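As a starting point, one isolated chain is supplied in structure tokens, in the form predicted alone.
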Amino acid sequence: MNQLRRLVLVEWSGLAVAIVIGAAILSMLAPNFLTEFNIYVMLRSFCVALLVGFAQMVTLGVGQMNIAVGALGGLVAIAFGGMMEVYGLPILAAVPVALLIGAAGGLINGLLTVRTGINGFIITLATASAFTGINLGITESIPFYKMPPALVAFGEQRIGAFPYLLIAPVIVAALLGLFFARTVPGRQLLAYGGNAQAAELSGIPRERTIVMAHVLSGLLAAAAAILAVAQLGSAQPSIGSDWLLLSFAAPIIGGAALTGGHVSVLGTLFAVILIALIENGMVLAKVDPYWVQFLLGALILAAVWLNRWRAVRTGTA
């Protein structure tokens, strides 16, 4: 009985059950749900979504929010595509430059937050507008279509039901898990988010920790943008425009604390699988896709309530 209670109190346990039940129901209602191609389609959407969720998760870890996740991702996407189409940069040169642009955007967010003392929500709300303006100013809303064939092939190729795109998020998930569990900076990040005053008294630098979280968030948003360009086969200025709700839904449903101090890489991964399952099920059922937004909002509310209940039950509230 005690083992069952401990399992229920683990943030990803309910998600795992929901995924199994949901998959079982969909496999009975929609015969083509378990086809190789349909699983491939779900996994392709999962790849970008997971990195987007991770980008928000790291800022939630320090009790901050990054409203500019999608806007920065869109800017990185068009910069990445433009470097290859306009300037002829090879993929291996364009990828690190794109990642640096994302990290630089995160650095700007972090420095503005710590130097001005203004809440990160307001800072990233402002920089989101700035990043979007730069994006549209450079492209005039015209996509970059001439992507290298190797990049397009990477976005489309698969082994059975598993797309090549899945390689990046799996590696990132493993590295993030090690970062938060085994490294000093990762543990300091969560310690600061859990109790900023106690963390500072113990010698954890406030400014460096917040800036590190934002830089890491920008880096992950950039990685998501690169995968999105490969997935679409073009650099669209609209990339990232629908990331904001997803970026909060995945880590919050996965068990991240809004006040900081606790995140779950595995929980976020399961949450993205559940969201992909819901979206795919609605497509198979021919339900209006706009209802996905409603369901994500409802799931966020339910997750916040469940996390609060779990905190009370475990005595951490």
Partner chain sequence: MTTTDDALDAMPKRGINFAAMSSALSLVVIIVVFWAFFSWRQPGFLSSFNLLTLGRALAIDIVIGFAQMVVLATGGMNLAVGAIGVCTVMTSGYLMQTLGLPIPVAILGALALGAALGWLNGFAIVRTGVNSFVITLASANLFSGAMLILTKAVPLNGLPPEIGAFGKMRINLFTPALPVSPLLIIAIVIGIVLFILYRYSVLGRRILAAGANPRAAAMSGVPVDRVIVISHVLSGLLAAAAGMMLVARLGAAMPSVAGEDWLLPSFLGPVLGGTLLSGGAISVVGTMLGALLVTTIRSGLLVLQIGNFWLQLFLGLILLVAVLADRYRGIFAERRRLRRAAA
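In this text the structure is predicted, and so the values were computed from the model without any measurement. Residue numbers count along the first chain shown, from 1.
Only in words, not in the display: the form predicted in complex with its partner chain, which the text now covers.
Proximity to its partner chain in the predicted complex holds for all of I67, G137 and S241, with the criterion being a heavy atom within 4.5 Å. Contact with its partner chain in the predicted complex, judged as any non-hydrogen atom within 4.5 angstroms, is confined among 139 to 147, 190 to 198, 160 to 168, 207 to 215 to 139 to 147. The shortest heavy atom separation between I25 and its partner chain in the predicted complex exceeds 4.5 Å. In the predicted complex, its partner chain lies farther than 4.5 Å from every heavy atom of I21. Contact check for A298: a heavy atom falls within 4.5 Å of its partner chain in the predicted complex. Using a 4.5 angstroms threshold between heavy atoms, L112 counts as touching its partner chain in the predicted complex.
Interface residue among I118, A153, A174, V86, judged by heavy atoms within 4.5 Å of its partner chain in the predicted complex: I118.
Contacts between 101 to 130 and its partner chain, taken as any heavy atom within 4.5 Å in the predicted complex, involve L112, R115, T116, I118, N119, F121, I122, I123, L125, A126, T127, S129, A130.
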